[in-house]
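Next up is one chain by itself, shown in C-alpha cells, the form predicted alone.
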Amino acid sequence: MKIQDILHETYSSLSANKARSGLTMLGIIIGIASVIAMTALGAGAQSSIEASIQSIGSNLIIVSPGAQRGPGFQVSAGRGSAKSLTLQDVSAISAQVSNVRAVAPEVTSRYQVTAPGTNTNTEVSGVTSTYSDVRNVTVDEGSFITDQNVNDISKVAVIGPTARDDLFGVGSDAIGQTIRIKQQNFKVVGITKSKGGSGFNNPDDYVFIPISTAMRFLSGDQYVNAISISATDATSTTQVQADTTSILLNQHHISDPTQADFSTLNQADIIATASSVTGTFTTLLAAVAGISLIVGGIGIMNMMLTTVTERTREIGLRKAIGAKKRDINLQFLAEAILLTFIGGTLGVILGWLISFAVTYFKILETSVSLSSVLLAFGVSALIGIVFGYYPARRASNLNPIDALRYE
C-alpha cells in the first residue's frame, strides 16, 4: 500500500467524523498547550528572579549578623537582626581582603516616614557613598549620599520613586523637600531610578540616609545590619567570601567556624538556589499538565477502538480482496498518529498564544523554549504510536470471514 493511499484513506476516515475527531484531539491540544505554557511561565519566573537577584549588585557577597549553627546556610532565626558586625569589621575587610572592588555597610530598619500631610511606613537604610556602586543603585535626580554627608552626620535623604510618590504625589518634584523620620527632619537630595518591584521589599520603596546619621539618631548604636562586598570579578567571589569569613572570625576572636556570630552569602549561591527551586516548580507544573496528555492518549485509543468496531466489515472486505495485515496495521496507526500530530501542532500554537498573552498583559515575562516545543511534539508522536498501536493491531488481526459476517 502506497504512502499517498494511506494518507488519503486516513484523511477520508477522520473527516467522515469531524466532530468526534475534533473532540478527540482536544485532549492532546489542551495537554500540549498546558505543558508549553507552564514551562514558559516557569522559565519566565526563573529569569525574573535571577534578574532581580542580579539587580542588587554584581559579584556580591553579603555578610549578615547572626549565630551560625552549622555549615552552609543553617543560621539562626536571628540572622540579620542580631548585633555582631561593626564598622571596624568593615575597615578590616577593606584593608585585608584582596580582589574587593568596594565594601558597603548598612544600617536598615523600617520607620514611619512623614511629609506634610502624608506618611508611609518604609525601609530606611543608613549607607555610605559606596552603597550605590555595590548594590547597583542609580540616581535619577539629584545626588546620592556622599562621604562628606557621612563625615558631617548630615540629615539628608535619597528616596526611591515609590517612596516619593507615596509622600509627595506621583511624579512630583521632591528634591529640596523635607521628610521626617523618628522626630528628625531630613532634606531630600536625590531620587533613585526605578528598578521595578512590589511587595514588602520593594527596591523602589527605600529611603537612604548617611550611615553615621542613622547610627546616631535612629539605631542609637554602632552595629550594622549587613555588609555588602563587591568582588572585582565573578571568579574572585569564592576567594573573597572565604577570606572575609577568616578575617571576621579573627576580628571576633572565634576559633571554631561553626560558632561564628555572622554568616556570608554568595550571590551565585542565591541564584543557584533560586534557579533550583523554580526549576523544580516548573517541572512539577509541566508534570501536572502532562497528565492531560495521558488523558488525551486514552481518548485517542477509545476513538480508534470505536472506529475499528464500526469498520469491521470494511476491514474484512479489505483483507478478503488482498489487503495485508501490515496494510491494515499501518492504516489505523496512521490515523492515530495524524490525530496527535494535528492536535500537537494546534497545542503548540495555543501554548505560545497563552504565553504571549501573559507577557503582553505584563502578568509575567514568559519564555517559550525550543526544547519545550520539541518535547511537546515528541510526546504527542509517542502518544499516537503507543495509544494507536493496540487498536491498529486489533484491526489487523481480525479474521476476514468473521469481519464480513459482522452486523
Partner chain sequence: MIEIKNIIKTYKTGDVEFNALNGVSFTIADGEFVAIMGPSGSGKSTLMHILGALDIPTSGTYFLDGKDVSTMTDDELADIRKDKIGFVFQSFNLLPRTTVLRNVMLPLIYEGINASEREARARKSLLLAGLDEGHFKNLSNQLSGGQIQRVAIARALVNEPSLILADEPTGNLDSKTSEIVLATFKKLNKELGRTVVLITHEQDIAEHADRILFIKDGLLLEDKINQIKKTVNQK
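Just so it is clear, the model here is predicted, and its values are computed rather than measured. Residue numbers count along the first chain shown, from 1.
The form predicted in complex with the partner chain is left out here; the points below concern that form.
327 is the sole member of 173, 147, 233, 327 with a non-hydrogen atom within 4.5 Å of the partner chain in the model of the complex.
Though the partner chain is absent from this view, in the model of the complex it lies within 4.5 Å of a heavy atom of just one residue from 101, 83, 313, 180, which is 313.
Interface membership of residue 270, defined by any non-hydrogen atom within 4.5 Å of the partner chain in the model of the complex, is ruled out. For residue 251, no non-hydrogen atom is located within 4.5 Å of the partner chain in the model of the complex, even though that partner is not displayed.
In the model of the complex, at least one heavy atom of residue 331 sits within 4.5 Å of a heavy atom of the partner chain.
Using a 4.5 angstroms threshold between heavy atoms, residue 220 stays clear of the partner chain in the model of the complex. In plain terms, the part of the chain that comes close to the partner chain in the model of the complex, with a heavy atom within 4.5 Å, is 314-322 out of 208-216, 163-171, 314-322, 85-93. In the model of the complex, just one residue of 13-51 lies within 4.5 Å of the partner chain by at least one heavy atom: 16.
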